[in-house]
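Below you'll find only one chain, the form predicted alone, shown as structure tokens.
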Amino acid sequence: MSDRGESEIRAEGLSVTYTGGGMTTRAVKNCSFRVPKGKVVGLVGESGSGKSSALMAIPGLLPAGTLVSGSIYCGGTDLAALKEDGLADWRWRRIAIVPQGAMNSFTPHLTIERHITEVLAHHLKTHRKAGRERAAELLRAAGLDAAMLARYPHELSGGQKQRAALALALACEPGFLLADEPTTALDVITQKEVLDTIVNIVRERGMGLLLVTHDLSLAAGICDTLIVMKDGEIAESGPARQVAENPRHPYTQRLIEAIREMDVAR
């Protein structure tokens, strides 16, 4: 992977406010965090805590009319200050997303091969034959057989679709990967397999990964850093083991206690 001098994503004083229907909702409030290359950063918290809004603010993929303030630096560029044309240059080639539902990555009437080769052709001007070879490499890297290229999204299992979505996100060799609850609706075994694949690829390639999840125990086992969000604010952050074993904030303590109680109940 080429080094474009973008060693980290750094959010400073990031706020996200949704407007509509006569209502205003501050989903993210003055948050600052870093996602360095070569590291896995977990953004954890309950539903509605603002973690997905913080993630989607990075590539500028929030709903129209959303107000974003603060800065999101990457390689000396403030992404939060860019218009749509400028942000389009960053998506795929520098920053890619593995979304919450794998079907959000795919158009039903296109094969997996078409999805990947069209991304390669559009962003990297890759010709058809080379694109197909590259698509096969990407599927294998994501843990799928190259024969899956000929299949349509509905012909894949949930875990296979998520792996195909990972292959698609890696197509242009981005420096950073944003994963928004990437294993939602998968069974426990498949969740672990898919997450292990994502983390292994990120570490092998020296990428930076921002992983959004509500599962603190899962994040603690695979992340270098944990950022705990509550009501749009960062309640606590630090090395994953430190946050999981010696939480300082009462909210983090309650999350961990709830996990322990569920483990005992099982």
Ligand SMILES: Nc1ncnc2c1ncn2[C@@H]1O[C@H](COP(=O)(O)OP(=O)(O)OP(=O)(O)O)[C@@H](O)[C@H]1O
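Keep in mind it's a predicted model, so treat the numbers as computed, not measured. Counting begins at 1, following the sequence as shown.
Here the subject shifts to the form predicted together with this ligand, a form of this protein not shown in this document.
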Candidate from Leu218, Ala27, Val199, Ala240 lying within 4.5 Å of this ligand in the predicted complex - any heavy atom: Ala27
Among the candidates Gln100, Thr190, Ser105, Thr126, the residue which, in the predicted complex, approaches this ligand to within 4.5 Å (heavy atoms): Gln100
In the predicted complex, segment of 201-209, 219-227, 31-39, 51-59 with a heavy atom within 4.5 Å of this ligand: 51-59
4.5 angstroms heavy atom contact with this ligand in the predicted complex for Glu113: no
Heavy atom of Glu118 within 4.5 Å of this ligand in the predicted complex: no
Site test, Ser47, Pro63 and Glu181 vs this ligand in the predicted complex, non-hydrogen atom cutoff 4.5 Å: yes
